[in-house]
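Encoded as structure tokens, the following chain is the form predicted alone, with no partner shown.
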Amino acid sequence: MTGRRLWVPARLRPGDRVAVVAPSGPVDPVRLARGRQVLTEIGLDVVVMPRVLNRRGHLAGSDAGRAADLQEAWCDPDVRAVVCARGGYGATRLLDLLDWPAMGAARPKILLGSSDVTALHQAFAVRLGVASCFGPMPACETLADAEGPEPASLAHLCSSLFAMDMPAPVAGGQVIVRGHAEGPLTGGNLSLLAALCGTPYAMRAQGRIVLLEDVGEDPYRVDRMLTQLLQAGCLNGALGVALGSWVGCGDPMGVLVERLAPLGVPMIAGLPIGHGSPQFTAWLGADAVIDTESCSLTCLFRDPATAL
């Protein structure tokens, strides 16, 4: 990924077909039905791939089956976006099973997902050169709660997905290092980024803004994973750091500041991106801006036929 910009797929229009896949953990059918209805109500033609409700232990079916659904959805010319039902665990197991040349021959489209889907975001960037969407998923609480989707999260997702809108800046709660940074956004879930160290899909922050978030990790584990990224050189040359949510992580801010502030780049925290509610959307691979005056992260868009 270093030194090249990613192709930002064309954003959606009402009536576009999107395919739901399950690359990671098993999917709750009740939540999936609610989330599918939400996507339908915002104007999308939603198809659910045939193996989404499969289950094999802690996975949504076999590795081969999950990879097949993902590849078929990506290569279908009628599908304009591939939407991951949920995270959990298992996306890294698919990376050696996908036919990357076949997927590279298909028209680029939106990949939406977060958490464990970070592995796919990294792989699609490296193998396909495609930017992708880090945001809420249809079989997760943010969109599929029994009381309805969280309104701010849904609104921001729509403005990020649809061509007629521009996503609003995502406001954080704390400025750690002042300054202004602009460049392509990379990163995602810290646990997955640490797990990808030493693989072809390791994050390279050179010339990029880094987004980091996690869930259910004690501060000492956050420290260990940050140290791994630093020692592996994954954070070398970063332009800025944007810290998302740290749900169930105790109080990791001391560790985050200690390990990341010495990078000497603009750094903000408290962005509602990652886990919890609200859960806003970020385009990994698209240009973004950190503005510490407003303590915000803004994703930018250009004509996909030109710059990216």
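Residue numbers here begin at 1 and follow the sequence given. Everything numeric here is computed off the predicted structure, so don't read it as measured data.
What follows is about the form predicted in complex with a further copy of the same chain, which we do not show.
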Residue among G179, G216, G173, G207 with a heavy atom within 4.5 Å of a further copy of the same chain in the predicted complex: G216
Select from the listed residues S153, S159, T92, Q71 the one whose heavy atoms reach within 4.5 Å of a further copy of the same chain in the predicted complex. T92
Picking from 145 to 153, 186 to 194, 165 to 173, 129 to 137, which part of the chain touches a further copy of the same chain in the predicted complex when contact means heavy atoms within 4.5 Å? 186 to 194
Is D28 part of the interface with a further copy of the same chain in the predicted complex - any heavy atom within 4.5 Å? no
Against a further copy of the same chain in the predicted complex, would A232 count as a contact residue? Criterion: heavy atoms within 4.5 Å. yes
Can any non-hydrogen atom of E141 be found within 4.5 angstroms of a further copy of the same chain in the predicted complex? no
Check whether N236 has any heavy atom within 4.5 Å of a heavy atom of a further copy of the same chain in the predicted complex, and answer yes or no. no
Neighbours of a further copy of the same chain in the predicted complex among 37 to 66 [non-hydrogen atom within 4.5 angstroms]: R56, H58, D63
